[in-house]
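Next comes just one chain, in structure tokens: the form predicted on its own.
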């Protein structure tokens, strides 16, 4: 059991256990000793649901990363490939199988596709002459992976690009499948709301899948009251801005992959000769201190850490007051917890120092000032001096693209003259191979010419109160604290849906891209929920195309409000930030 998955209203351990059971059943089909050959991208997500100990119990003796040529020597009966359905991976697998030593012991090959089997991939294996070598060819539907007590992700890195640029709906199908799995475990969700083209598609797929399974009535009492499906392109602005929560900044500066962050070692280890290994820390709410500070604005973190330091040192001082054997015994029993708290405090103080070095730099301040001017509607329609300087000094291209896209989104597209100027400067400075990247950004709606000569952003900003001038970062009263002034549009839509409802903002919903809709899923008699007075609704909010940690923090803030009335569980195709998002849209020059 993973304790941090069961602290919320919805026990996500139920999902984790279901996924683990499926994995155990597959491993038991392949009788005898086993070696797993991993598609490297899958090792992180798998680590969140099954540690090595679980695999070991089922006779997994060796693990290798999928690479060309021959497989490393292993004295095992079964070789199992765990792979995503990608054609380029099939070529490597075929190479592995064909170079198997004919003189050695005969080994059984199996392949497990995650999350779906693919006819194209099987055809490629057939063309390469190895399809017959596999005894078991199966799929393992790992759609939604529990990251925390209120957070699920598909970790599908290409979902946004596939949906919005390539018109490929595979990841939407996986999202719908994942939602069907959730409903099988947690009961039918009575109401579905959505905004955006992809949201509409996912809702349609779910309704169709439900029709196809009419025979089996779901008799589980519903845990979720509502599902809100939101397209990422309804709110292109939020991920482009720099996140200012503690967790958001760790992700912006160092990146958080599958709930682990790699940090520079010098703040953590005593000085040693040579280069140290990067320090890898797991970040989730299983750690008490992290759960407390992760969603705070970074400016409010320092005071929490100093208070904690005083509490911990006072607790250690207690040992001088322990006189009797009973008191000493009690102190000793608390020691492991106190030492863990002290270690945790030391780690987070070091991380906060690392982040502070960045946030107090002049360049960070200049960039933030420009972002906040754009978001509050100042000078969005002309060439920005700071962006010009960044290009001239050849700052990282992703940083420049984020700022230019932010300006474009805050102005409903740029005037043709301004857009052409930026494009010309970027191509001349960074190279003409980036013309494809600029094309992708335009197709995704991030960097485009203003059509119809009208800027709709001020209307959206005022109606949805996206910019708040007086933000209390220490004791916030509004979600805008996560960006020190800007309230994430996506989260504001969720907040207004729960109270007073979307009818109050019909005009803005029409301006934002894609349809908005509501569907009801009838429940069998006896399963209708009678809410107790004071009991909160539970809403599952699914971001199609990715979500940032700042948006997650804002939703957690709404869940904790005394009179909020709604608690949120967040699901997404990918946990991301502005840089990883833009990077996924960049065309790699060959």
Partner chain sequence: MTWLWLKESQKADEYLREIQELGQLTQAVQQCIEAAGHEHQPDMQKSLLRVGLEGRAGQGWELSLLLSGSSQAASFGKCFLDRFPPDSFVCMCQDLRVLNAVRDYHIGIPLTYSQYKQLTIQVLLDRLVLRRLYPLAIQICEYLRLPEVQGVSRILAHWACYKVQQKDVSDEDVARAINQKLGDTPGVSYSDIAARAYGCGRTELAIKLLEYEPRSGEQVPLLLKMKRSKLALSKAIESGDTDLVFTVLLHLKNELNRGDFFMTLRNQPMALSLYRQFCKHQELETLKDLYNQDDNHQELGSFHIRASYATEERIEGRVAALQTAADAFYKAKNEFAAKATEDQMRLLRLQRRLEDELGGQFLDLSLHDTVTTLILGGHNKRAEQLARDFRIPDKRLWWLKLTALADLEDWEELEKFSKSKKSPIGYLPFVEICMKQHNKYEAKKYASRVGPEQKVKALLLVGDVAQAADVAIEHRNEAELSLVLSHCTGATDGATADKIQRARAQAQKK
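All of these numbers come straight from a predicted model, not from anything done at the bench. Numbering follows the first chain given and starts at 1.
Below, we refer to the form predicted in complex with the partner chain, which is not included among the displayed structures.
Shown alone here, residue 208 lies within 4.5 Å of the partner chain in the predicted bound form, counting heavy atoms only. Interface membership of residue 168, defined by any non-hydrogen atom within 4.5 Å of the partner chain in the predicted bound form, is confirmed. The partner chain in the predicted bound form comes within 4.5 Å of a heavy atom belonging to residue 124. Although the partner is absent here, residue 396 is not a contact residue: none of its heavy atoms lies within 4.5 angstroms of the partner chain in the predicted bound form. With the partner chain omitted here, the record of contacts in the predicted bound form names 429-437 of 477-485, 429-437, 507-515, 307-315, defined by a heavy atom within 4.5 Å. Among the residues 288, 420, 277, 469, the one placing a heavy atom within 4.5 Å of the partner chain in the predicted bound form is 420. For the options 118, 455, 349, 218, the residue carrying a heavy atom within 4.5 angstroms of the partner chain in the predicted bound form is 118. Contacts of stretch 389-414 with the partner chain in the predicted bound form, defined by any heavy atom lying within 4.5 Å, are made by 389, 391, 392, 393, 394, listed in sequence order.
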